[in-house]
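Shown here is one chain on its own, the form predicted alone, set out as structure tokens.
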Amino acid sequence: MAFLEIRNVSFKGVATAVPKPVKVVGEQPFFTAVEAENFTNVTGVVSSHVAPPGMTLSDLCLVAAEKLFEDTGWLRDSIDLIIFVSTSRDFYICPNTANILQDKLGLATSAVALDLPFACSGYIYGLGVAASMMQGGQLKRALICAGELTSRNQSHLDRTVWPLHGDAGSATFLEYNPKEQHPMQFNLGGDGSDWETIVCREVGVRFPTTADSLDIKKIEEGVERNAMQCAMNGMSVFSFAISRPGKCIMELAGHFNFTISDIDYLLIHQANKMIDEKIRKKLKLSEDKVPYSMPYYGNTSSCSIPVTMSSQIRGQLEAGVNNLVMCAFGSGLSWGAAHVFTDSICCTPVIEV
């Protein structure tokens, strides 16, 4: 457990962008009509968005950030920190995608630019890292770009992952504010002993890519992929997801002495509805406090919290003060929860690109 309490930082805005093309669960060739219906009943996913050839995640984050600059009126040279949170980097080794976005957005060259290669848990880690760097006041404003193009590292022939996920990118503004009354509170953790639970194996240094890495192999009926594409141990993921996130949230509340039932919303990573509903019920939260974006966006990895904010509770976030708990979990294995107050933030509708 790593508890952080970060003062003097305010959450100021969020924007989300998705590709226009839509992937429909019921149209996937490895499903019969009954199987597709059963899949949707369990996961909650009806459809999601998938990036066309040539589009990168940084393209989506660029659109989201441009919209946030437009709607807030922030000057680009006021950004002191940009963090790109994703495994869908423009270049897997170098350079950092944050630097590419820094240039495309016209940010000052004095701005700190860094990448955090997290997947599903990344949004919480991005918030924690950015806020930690800002709390002393030397960095006044930060831009966090988070999301994933899961369509780039998954097999279209893998029924265990392909119909569940969607592509999306986001932009979030944080601002140094010594008058902020509510600290940001975090509980972060990880367990590297289970790294194989979710893995793209042959795309790095430990297991280098070879010609054989491209060979598509049949793993089981309805599951075909190569060694570079994402593999997920469904039972291990399920066991992890129904136990660790709920515990993480309860530890956060206990350590910082707040009551979970008093929050306005639990913004939870859109893993799948069966998992998230188990967490909701474990925390004894009513359905209206746990919004879902997964029906028409799927599991968008580190963008699932921003896309839920933009698509489900935008009006409430813009209208006044909201007491939020955010929780995300995924590969690594890694997880995190944050207790954050927002006050009339800029929250744009989901943009289709």
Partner chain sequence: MEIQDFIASIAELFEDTDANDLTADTRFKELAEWSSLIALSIIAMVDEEYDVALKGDDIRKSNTIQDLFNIVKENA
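What you see is a predicted model, and the numbers here were worked out from it, not measured in a lab. Residue numbers count along the first chain shown, from 1.
The same protein has a further form, the form predicted in complex with the partner chain, not shown here; the description that follows concerns it.
Novice: Please identify the residue among S213, Q138, S78, S239 with any heavy atom within 4.5 Å of the partner chain in the predicted complex.
Specialist: Looking at S213, Q138, S78, S239 one by one, just S239 meets the 4.5 Å heavy-atom criterion.
Novice: Can you pick out, from H156, H182, K247, R89, the residue that has a heavy atom within 4.5 Å of the partner chain in the predicted complex?
Specialist: Answer to the contact question: K247.
Novice: Is V321 close enough to the partner chain in the predicted complex to count, meaning some heavy atom within 4.5 Å?
Specialist: No, no contact at 4.5 Å.
Novice: If we define contact as a non-hydrogen atom of the residue within 4.5 angstroms of the partner, is K282 a contact of the partner chain in the predicted complex?
Specialist: Heavy-atom contact with the partner chain at 4.5 Å: present for K282.
Novice: Is there a heavy atom of S261 lying 4.5 Å or less from a heavy atom of the partner chain in the predicted complex?
Specialist: S261: no, not in contact with the partner chain in the predicted complex.
Novice: May I ask you to state whether N233 is within 4.5 Å of the partner chain in the predicted complex, using heavy atom distances?
Specialist: Yes, N233 sits close enough to the partner chain in the predicted complex that at least one of its heavy atoms falls within 4.5 Å.
Novice: Which of these stretches, 103 to 111, 80 to 88, 272 to 280, 129 to 137, has heavy atoms within 4.5 Å of the partner chain in the predicted complex?
Specialist: Among the candidates, contact is made by 272 to 280.
Novice: With the partner left out here, if you bring back the partner chain in the predicted complex, are V42, D194 and S243 all within 4.5 Å of it by some heavy atom?
Specialist: Judged in the predicted complex, V42, D194 and S243 all sit within 4.5 Å of the partner chain.
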